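One chain follows as structure tokens, the form predicted alone.
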Amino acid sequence: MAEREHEHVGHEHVRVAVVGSGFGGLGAAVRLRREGITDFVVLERAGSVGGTWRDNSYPGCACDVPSHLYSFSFAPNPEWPRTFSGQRHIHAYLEHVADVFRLRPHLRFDSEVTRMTWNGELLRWDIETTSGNLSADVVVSATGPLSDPKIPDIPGLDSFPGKVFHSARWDHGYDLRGKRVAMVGTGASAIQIVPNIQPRVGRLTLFQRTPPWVMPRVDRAISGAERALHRALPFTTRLRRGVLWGIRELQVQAFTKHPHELGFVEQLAKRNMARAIKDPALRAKLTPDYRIGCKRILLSNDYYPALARPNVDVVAAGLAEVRGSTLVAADGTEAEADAIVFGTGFHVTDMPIAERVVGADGRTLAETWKDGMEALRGSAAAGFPNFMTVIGPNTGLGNSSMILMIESQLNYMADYLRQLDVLGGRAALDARPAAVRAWNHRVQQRMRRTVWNTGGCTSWYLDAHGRNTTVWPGTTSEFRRATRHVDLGEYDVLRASDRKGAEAVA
């Protein structure tokens, strides 16, 4: 270590720099420590850990994956209060993980990455942040797909005299009571927000481009006896998690290979709607015309009842224009509003961090991905040596827990670092373009028959070219097998050059 310190006098250098402190970043930090690596930092742009679960604090914010499955396998939580946990408890869980695994010394808050540039001479990443500069042998980017809110470019929005905010940047200081509120979007956030604000607002207008499929949310409090059992017999927590996982693994086939089998589920969803929505005109507006599962299936018991309330209007068209305090939909419908809440999702297929990462050929990752994101095993992009993405292209899930995919990618990261150790000296691994293309070709071939591509909808899973660069078209078991080991045959091994500048660190 003394030699490394001597090499970088006045310049901080670490073996690994992790970007982001949500599930992906904290998971990476825990795995690094478990692999015996302590020479790392976690760069976080905000002032606390939590990622998505720190930023999204809107009324009713909760997870649509069962709590015992939406947590790390290596950090089970016997104290989950409900089968589906709310934002507050998930955020507290992540703070707990940071404490239990002694990650605090590695965390650098208020350190937004503004630029990362590959230094081909020294085989390292030079990183600029808002709190100072450093360098790293390896970068693990865990910024996540749900981190940068997307607000559509609506003509006249700048002239709106009222309050405007995104669901992920909720303004808790603004009192909605008695106000005329417009909710734009009908995704996972909107169906949680609507029932929570409907009783308080004077009038709620929902601008809906595409109705979602909504199933009942089988949520309940977890009893004290259950929690006591999980504390006393930890294997019962693992068993519970295993059952939840197994059910979802069995369901995957319907989404990926046999979308026609989803018709029965659609009937259940329609019955769920009919119980709450008696008005046939409103029911027609809320009935999707695409196969269930094409967009993420949403879970709620109170969304439909809220829409049936007399102070709610559903406009079956997107917001097209703002004229002062008058909002105009694409079908010409007008509504007055004092506040606009955008539940319009995130920059998923155009990751903002990609614009700040400069690879071996001087191009940014965004430029490399201009025709669509693709990475070897969802982790490594060609031309970006020693750069790994957690929750990278085609690692998302349509029906299960992202934590399963994150842990698989952390297995891959661990073996990646082991391979670098085996190579010895100063070395880097760069994914071969042919390997990236071959992997991506296989993924896209499998994608062709999935419900996400054949279901007749346009979802946030698809990029600007209509390609699904978000979801994994298989089971979590298949992905775990595919990421168990790094195949060096899929990488070029880079060594420090013999130029004078490189000799010092070779």
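A quick note: this is a predicted structure, and the numbers were derived from the prediction, not measured. Position 1 is the first residue in the sequence shown; the rest follow in order.
Another form, the form predicted together with a small molecule, is not on view; read the next lines as being about it.
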| item | value |
| --- | --- |
| Residues T364, S408 and A482 all lining the small molecule in the predicted complex, heavy atom within 4.5 Å | no |
| Options 466-474, 449-457, 24-32, 433-441; stretch whose heavy atom lies within 4.5 Å of the small molecule in the predicted complex | 24-32 |
| Heavy atom of F346 within 4.5 Å of the small molecule in the predicted complex | yes |
| Partner contact for V315 in the predicted complex: the small molecule, 4.5 angstroms, heavy atom | no |
| Exercise: S300 in contact with the small molecule in the predicted complex, heavy atom 4.5 Å | no |
| Proximity of N394 to the small molecule in the predicted complex, heavy atoms at 4.5 Å | no |
| Sole residue of S401, T256, T186, N77 within 4.5 Å of the small molecule in the predicted complex, by heavy atom | S401 |
| In the predicted complex, the one of Q198, T205, T143, N386 near the small molecule [non-hydrogen atom within 4.5 angstroms] | T143 |
